[in-house]
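In structure tokens, the next block holds one chain alone, the form predicted on its own.
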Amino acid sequence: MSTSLEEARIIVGGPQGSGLETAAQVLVSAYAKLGYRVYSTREYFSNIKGRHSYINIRVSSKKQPSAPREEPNIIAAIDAETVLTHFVDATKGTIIVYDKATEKTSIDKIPSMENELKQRVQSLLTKYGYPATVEGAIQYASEVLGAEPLPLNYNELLAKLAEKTGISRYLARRYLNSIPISIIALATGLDIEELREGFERRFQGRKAIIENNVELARIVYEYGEKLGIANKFRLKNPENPPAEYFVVSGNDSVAMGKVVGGLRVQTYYPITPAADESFMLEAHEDLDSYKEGFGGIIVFQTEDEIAAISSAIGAALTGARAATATSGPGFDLMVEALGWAGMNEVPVVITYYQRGGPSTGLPTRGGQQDLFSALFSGHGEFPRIILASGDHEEAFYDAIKALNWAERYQLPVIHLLDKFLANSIITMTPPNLERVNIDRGQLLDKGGPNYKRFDKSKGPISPRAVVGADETVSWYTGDEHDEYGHISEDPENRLKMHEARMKKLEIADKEIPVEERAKLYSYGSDFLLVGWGSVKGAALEALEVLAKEGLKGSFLQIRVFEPFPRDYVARILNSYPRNKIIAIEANYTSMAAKVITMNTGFIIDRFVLKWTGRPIYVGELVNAVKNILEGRSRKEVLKYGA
């Protein structure tokens, strides 16, 4: 029986390196081309190849999804491990697509699967009397959960591809990922030509690859139609499809924002998940434009993170809008130079992508564990601005704000994102460039005679002539210095210079509108959720679900942690009963709630927390909030997701 859906939820899994990223790009592009709104996120191990990886996709005909959700309509498995990992995610009616040849595979024969997961699966299947094999997992999903197995003979399908196209069977296996792609497309109502759009976008100009993929899709469609899969989860026609859209990741959004914001130098040392932003910029750097009198972007891969931030600082001193991008371990290495930038009032931007720590931790998983690191790292006191993006659109505009604020207030700006946002891909309406303003602060053409780089005669923020400008001599040192930049330990000078640096934050606090630093999404006054970063997407969707159940709440998003919007946040918090306020964060200690207490004195004592490295799913958040509101719990720890 076919079902017409406003939204389809899909899991596609397989070994790392088996083409899952391609699968996501093909499907997302095909759906987006038709006007659907898509959200796709990926979970993967930190090894290069072989361990389990999967894509979680939501396709909506109605509105832009913004967080992963449970209860998939389709689980498409490239290998046995995917079945044994995700069969528990199935619900009534979920189609599980898998290779029939793997049915007898025992969980003991999968070396890439972690022992803890094996034990949990074995325990579950044994409890219900099923063998710990793919076949046993499929039986459990079918008989206990109500799923609908769809075994296919992958080798037979690939052999037909080889026969029809003339390629070898060995080469045909390279198209394995197009089997689940095609089944998903068939089930959700895409025709062959609509799916072709996805292949053409992914393999632009590579005609043979496109045609072989399309041929395999035809074979799979023919097979699937005989099994009654066609339109099984047909999507309704999209409502109000956008005339224009981007298919972008969070990394892409930041990179685009930096380009629009006038970035001239990006430095980096490769690290997950930050590196993709620099790769995006590198792919579009235009060094030749300098010859034509325009500014291009130099993307500079350094030997380590110490060199990365030092190079960005050097570029900023010459007047270039400069940034670096990194993740937790890389940021740790940058801290000494960060302090130097603070002492010398250097306008440099650090785009800081959070992942699971400490140490190497969970290098390809997400988290919100670096807020304190961003706020407090470095010895001594120096001003910095900390802002955190909650979605792709904010990431775009925040990248521009970070560049503006760095130059306006002449200090380091740390732009926080998390892996969940960085690696999720969405359909995004093109940003409104009329909203973009470039503010270069007090920038001089030249210093002139007797130039004082740190002249405080007219206020804490000094007119800035760049290194290399005409008639300009600038002095910089890590030591305390006078207005020229010469080393000075005189107590009166220290009083003046240190106070001037710190007062820049007071100016930023007055000038940056509060609506840019915190935002209330109000759907009712029954309760208040408080969060930051990519928690925003899950929180807003959870509010919609809860509202349908009669619980109408609001979400307070903290956007800037320094300078903190204390009066506004305190006023919002004090307008709710304390037992109706819940902090939601992807860390153990609820860092943002502690920063709120530090700034306002208000203590939040109810929490929904997750630190598994996996994103917060909407359904688990809804249940957790209800448990707290109904008095069954004060702290909920989430753990959904493989």
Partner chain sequence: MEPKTKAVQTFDYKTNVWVDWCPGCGDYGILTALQKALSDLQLKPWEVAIVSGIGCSGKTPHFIYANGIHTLHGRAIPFATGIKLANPDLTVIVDGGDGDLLGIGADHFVALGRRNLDITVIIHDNQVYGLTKGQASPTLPSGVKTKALPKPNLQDAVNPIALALASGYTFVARGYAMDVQHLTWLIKEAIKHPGSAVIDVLQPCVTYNDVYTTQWYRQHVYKLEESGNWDPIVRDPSERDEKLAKALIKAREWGERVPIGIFYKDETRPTLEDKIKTRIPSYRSRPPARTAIDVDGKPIITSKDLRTIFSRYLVGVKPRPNNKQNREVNT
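Numbering follows the first chain given and starts at 1. All of these numbers come straight from a predicted model, not from anything done at the bench.
Same protein, other form: the form predicted in complex with its partner chain, not shown, and the subject of what follows.
Visitor: Of P149, P563, G189, P363, which one comes within 4.5 Å of its partner chain in the model of the complex, counting heavy atoms only?
Guide: Contact with its partner chain in the model of the complex is made by G189 alone.
Visitor: Quick check on this chain: which one of S106, T126, Q119, T318 has a heavy atom within 4.5 Å of its partner chain in the model of the complex?
Guide: Checked against the cut-off, the match is T318.
Visitor: Kindly confirm or deny that V247, E282 and D286 each have some heavy atom within 4.5 angstroms of its partner chain in the model of the complex.
Guide: All of them do, each having a heavy atom within 4.5 Å of the partner.
Visitor: Using the partner position in the model of the complex, report whether S29 sits within 4.5 Å of its partner chain, counting heavy atoms only.
Guide: Output for S29 is yes: heavy atoms within 4.5 Å of its partner chain.
Visitor: Any chance L433 has a heavy atom within 4.5 Å of its partner chain in the model of the complex?
Guide: Result yes; L433 sits at the interface with its partner chain in the model of the complex.
Visitor: Against its partner chain in the model of the complex, would G262 count as a contact residue? Criterion: heavy atoms within 4.5 Å.
Guide: Result yes; G262 sits at the interface with its partner chain in the model of the complex.
Visitor: Can any non-hydrogen atom of S311 be found within 4.5 angstroms of its partner chain in the model of the complex?
Guide: Output for S311 is yes: heavy atoms within 4.5 Å of its partner chain.
Visitor: Just one of 247-255, 531-539, 515-523, 67-75 has residues with a heavy atom within 4.5 Å of its partner chain in the model of the complex, so point it out.
Guide: Careful reading of the contacts points to 247-255.
Visitor: At 4.5 Å, heavy atom to heavy atom, what parts of 354-379 sit next to its partner chain in the model of the complex? List them in sequence order, or say none.
Guide: Nothing in the stretch sits within 4.5 Å of the partner.
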